[in-house]
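The chain below stands alone and is given as structure tokens, in the form predicted alone.
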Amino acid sequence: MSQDKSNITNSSFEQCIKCTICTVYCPVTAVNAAYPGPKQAGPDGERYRLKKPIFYDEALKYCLNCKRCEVVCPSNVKIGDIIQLARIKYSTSSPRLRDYILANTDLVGSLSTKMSKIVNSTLKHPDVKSILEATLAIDSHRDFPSYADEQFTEWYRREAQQEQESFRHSVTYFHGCYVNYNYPQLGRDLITLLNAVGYGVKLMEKERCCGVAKISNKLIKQATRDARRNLAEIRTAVARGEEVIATSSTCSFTMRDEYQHILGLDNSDVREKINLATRFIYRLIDSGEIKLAFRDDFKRRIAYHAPCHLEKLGWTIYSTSLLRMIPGLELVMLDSQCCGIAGTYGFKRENYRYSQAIGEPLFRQIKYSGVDAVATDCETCKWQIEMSAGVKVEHPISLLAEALDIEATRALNGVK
């Protein structure tokens, strides 16, 4: 079911009280004078665009869609949505070959994992990076994430699928492109953790990319097609009585909010069943349904970076609360700052210097924090921080799995 996307902006922008707090908190405005800022690009600009589309400003392409403007808005104006919908409706620029390549993560990932050693070494070569910048305008300074030798779904079907039917409870896991093609270990860590507390983990049969990269690159028809398929799979899981959980904060955010607000798809029947893994686990612990036991020899000093989309969801507390439960983990909370990569945004030559300038205060803070590693729930934040701060980044789920005393946890939860 679709809805009129224009109703979202029409019912929101008139609530703006012109306080400009969104502009103060916008990470782009501080580093890019060409960007008019969220107030002018969003509610102010919408008033003009509804009268005459010629008032659209192509500088709106610099918006990260980080949603920080919406987090701080006292009037609950959907500023980021207004800007993204304006880009979709009014921009005369068309997606380039680069944008198709960066956005079609399932296609690129499925091909790259089949020859990962060649792809990984090739993408690291300086001459190849220079060629990509000259031909596709992918900045040569940007490091690419490595591809795995085997897709997560292949490992799951071979090693884990049969066992998952033996547990008394189950969830459906939206693994996303990152886990499937780049870092299957995170998916394995989640299964280890959930199996230890008595939950089996099922996968969607026809999962597609959540669509965030296609939305940001104006491939709306493709994003809508994939979103419809994912929603059908989610509804099937919910009908079985299962929640759908993701380890990516952006995947969770996109399926819960962007499907409706940007693509105009009605997901109200399943929205509250789409969850983040850390939130799902924390709520089970908080309700007394499960218990965790940890190793005595686990000692780590970890900084936590809150991804922008996780802050928009209001769910940072679940990840940090779980990390605080680990006896041997010293948690250092980083200031709330955007890392600057914004998915495919930071790969593009025209955005790279802004991306790095936005993230510089965060990188500097991490370098001087003296931590073993940084924890975050967003894969692209991981890529940006590892490249720019030179510190290893791990997911809270992986840290929990590493610190877990598996046998003691299974015993506590009556799992044989």
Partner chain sequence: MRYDTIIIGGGLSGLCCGISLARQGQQVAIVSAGQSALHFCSGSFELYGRCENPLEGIASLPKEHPYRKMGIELTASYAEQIKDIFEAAAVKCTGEATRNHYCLTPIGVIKPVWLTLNDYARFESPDRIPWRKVALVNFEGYLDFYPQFIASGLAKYGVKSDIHSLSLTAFDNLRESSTEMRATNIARIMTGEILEQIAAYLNSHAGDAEALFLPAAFGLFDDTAVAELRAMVSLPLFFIPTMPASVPGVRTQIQLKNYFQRIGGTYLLGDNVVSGEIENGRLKSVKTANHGNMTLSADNFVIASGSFFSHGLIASQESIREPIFGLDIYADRVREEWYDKDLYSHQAYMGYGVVTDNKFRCSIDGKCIENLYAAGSILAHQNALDEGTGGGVAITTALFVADEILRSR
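Positions refer to the first chain, counted from 1. What you are looking at is a predicted structure, and each value in this text was computed from that prediction instead of being measured.
Below, we turn to the form predicted together with the partner chain, even though it does not appear here.
*Asks:* Please determine whether each residue of Val24, Ala33 and Trp315 possesses a non-hydrogen atom within 4.5 angstroms of the partner chain in the predicted complex.
*Replies:* Checking in the predicted complex: Val24, Ala33 and Trp315 are all within 4.5 Å of the partner chain.
*Asks:* Among 344 to 352, 363 to 371, 24 to 32, 379 to 387, which stretch sits within 4.5 Å of the partner chain in the predicted complex, heavy atoms only?
*Replies:* Flagged stretch: 24 to 32.
*Asks:* Going by heavy atom distances of 4.5 angstroms or less, which of Phe294, Tyr282, Tyr147, Trp155 would be at the interface with the partner chain in the predicted complex?
*Replies:* Only one option qualifies, and that one is Tyr282.
*Asks:* Among Met325, Ala232, Val332, Val72, which has any heavy atom within 4.5 Å of the partner chain in the predicted complex?
*Replies:* In short, Val72.
*Asks:* Heavy atoms within 4.5 Å of the partner chain in the predicted complex: does Ile406 have any?
*Replies:* Taking the distances in the predicted complex, the answer for Ile406 is no, it never comes within 4.5 Å of the partner chain.
*Asks:* At 4.5 Å between heavy atoms, is Glu272 in contact with the partner chain in the predicted complex?
*Replies:* Although the partner chain is absent here, Glu272 would touch it in the predicted complex, with heavy atoms inside 4.5 Å.
*Asks:* With heavy atoms only and a cut-off of 4.5 Å, decide whether Asn76 touches the partner chain in the predicted complex.
*Replies:* Asn76: contacts the partner chain in the predicted complex.
*Asks:* Is Asp143 close enough to the partner chain in the predicted complex to count, meaning some heavy atom within 4.5 Å?
*Replies:* Result no; Asp143 lies far from the partner chain in the predicted complex.
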